[in-house]
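Let us start with two forms of the same protein chain, each given on its own as structure tokens and named structure 1 and structure 2.
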Structure 1
């Protein structure tokens, strides 16, 4: 029963969200490849059950987010996907101008499907939806700290209202009492809402059991929208339909051999703790951008330090610093210039590491990871085993020889993340 091409085509509104979704799909038995940015028309379709196109469309102007998302959808349709998924944040990060509503409107229109469910719930991360209201742990979204988010302040937890402000369509609710009754009842409730002319249904979900039932109820929906949580129910539909074989090896990656390294540009508390835990175990270079506020010179320091150091153990190179030192560099150079300087240095060092035969690289920091991926010319990541929740090893293809990359958003990972990343990898081989 081998299926001829990808089944699920996904569009994610940011990079780490895309990886989170991809890891969820791999965990539920779909071989998954993440593509960075809208693929070119001539790009080969990867051999995978699911493809996740990672966009940067969460906070771009709505027109740009819509254009990129439509281009991604068109590419995924040409690739022959059977169902489409629009992934946004489990805290529904958006403003009255978008971009969840405008992008979903465009996808519904292009797929001519008239309706899509919307469910950001992610119970594992304590995001639940009850009576249409989004909770973060025990508090409503608008009391969770998200009301102060610099770009997408969430001041209303009622998702029916929030989404209604972003669309010219209308929004209904499939509430908890219906969801509790299982897939068939949820499916009928969504069909009824569609027949009443609703374009969207916010669907309550408090447990993974609810998410699986919602996934089953959406088996025939051309478009599903939500957080990564609601995707846990979708692979089973393809298996039930005879399109997806059992894949005990969905997280298998092509082997690579070479040196190993860690590059840290995140200054989050979690990353600083991970550096502290690794420092006494691994050869470690801590760059000081305050003493050397020059990207080329920082990269030169790393080059000199690397001579003779790449061997069997991973090396750690970090620019990370505690808040007072970060603030000082920002005060001297300006916030953006300080960030860009360090990102440039770390990207150059990543290029150097690859040139010197590093083939397994952990990168800490979302923006840092973006700079590294751009420098290495990486366009495609095959998703492998998770090191910690939300951070899988990936097999990267691009300009340089294939490498394994683990791209860690700053706050993710346990204190021993840098040490266990390579142990977990040995286990996965």
Structure 2
């Protein structure tokens, strides 16, 4: 008989990454709820097979990221989860100081497990790991545009080297030739690395089949770390153990009605391309933080522009910019202040949209999503159907009036993502 209570407890280092992971779990038959921030000690445990605690810890100081992640783990352990997952971006977003290594070190210590695999691969979104090197499509990570990321520039594709700089433990590699031989050989390779004293193993993966084999190999691991892709192999372990029934309706969400809008704060190549594709089809306001470096004034511009524009078609408000303009804004204001400016402006605009009857909202960018859900007072999201791989619609539970949210990682989604998002929502109702 299936066991009551949550099976998999997850900690994600940003809000869009959390929904990416949750969508993967739902797509593989686990009813999943995403919680915003560390739950309070007395909060009820959701009725779900998997719980994803979404933190804003990717770019906070490492000590804060560690403290928040440990608190999330403690709550998930009290909730009775059987296994734990630390989710970070499929482009391994971090700096030499962390936060992937420090958080993983803390979780390994708290779980007293001594070892964890690390696999950010997500082949469906063209992220693969080969010989320990992370590729985005056909190019190395450090040639993909991520080298220009305003907060976590990735200038090295060698993940063994990157993670080694962030931990006082040692990092090994389970290479492609081993992964090709399947779950049993992968399991033996990871066991051997642990016995050698390695704390982590970067595990190669270039196909979903590899990810499923890695998941099977990690069935007995207390902690798994990686991008959402490696989670596709975990539900089958619980199902094989008789703990997870078949759930054909795991993505069902309550219906909502109201205006529709898109907020974009990401400056990734993918989001910039999605804005360009939508510009000639949707009413679009492109804010310029460089020309108006004041969050309140940017929000006022959006309020004035919105008058008379909310109707049958979604509206798009963007504060995204190409790398040269982002760099100039950071030079003038400082990196943290520049990021906070955009987050504060778009959060205020999100509040205005909700007040004007927007009930279906797409948000592009992890930091932007964190600011928006905080502004809206959202604490829990029920995960629904995917729009594109890694980007589901979600239902804000406990919020009145109800709202559907899609929190999109900046790098995710097809070029027409903004155009098809609401068609997908209508189809799912």
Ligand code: ADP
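Numbering follows the first chain given and starts at 1. C-alpha atoms forming the largest set that superposes within 1.5 Å between two forms make up the rigid core. These figures come from a predicted structure and were not determined experimentally.
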query: Which of the two shown structures is the form predicted alone; finding: 2
query: Exceeds or equals 2 Å, Cα of residue 89 between the two structures, core fit; finding: no
query: Rigid-core frame, C-alpha of residue 265, shift of 2 angstroms or more between the two structures; finding: yes
query: Per-residue C-alpha change between the two structures, residue 112, threshold 2 Å, rigid core fit; finding: no
query: Angstrom displacement of the CA atom of residue 356 between the two structures, core fixed; finding: 8.7
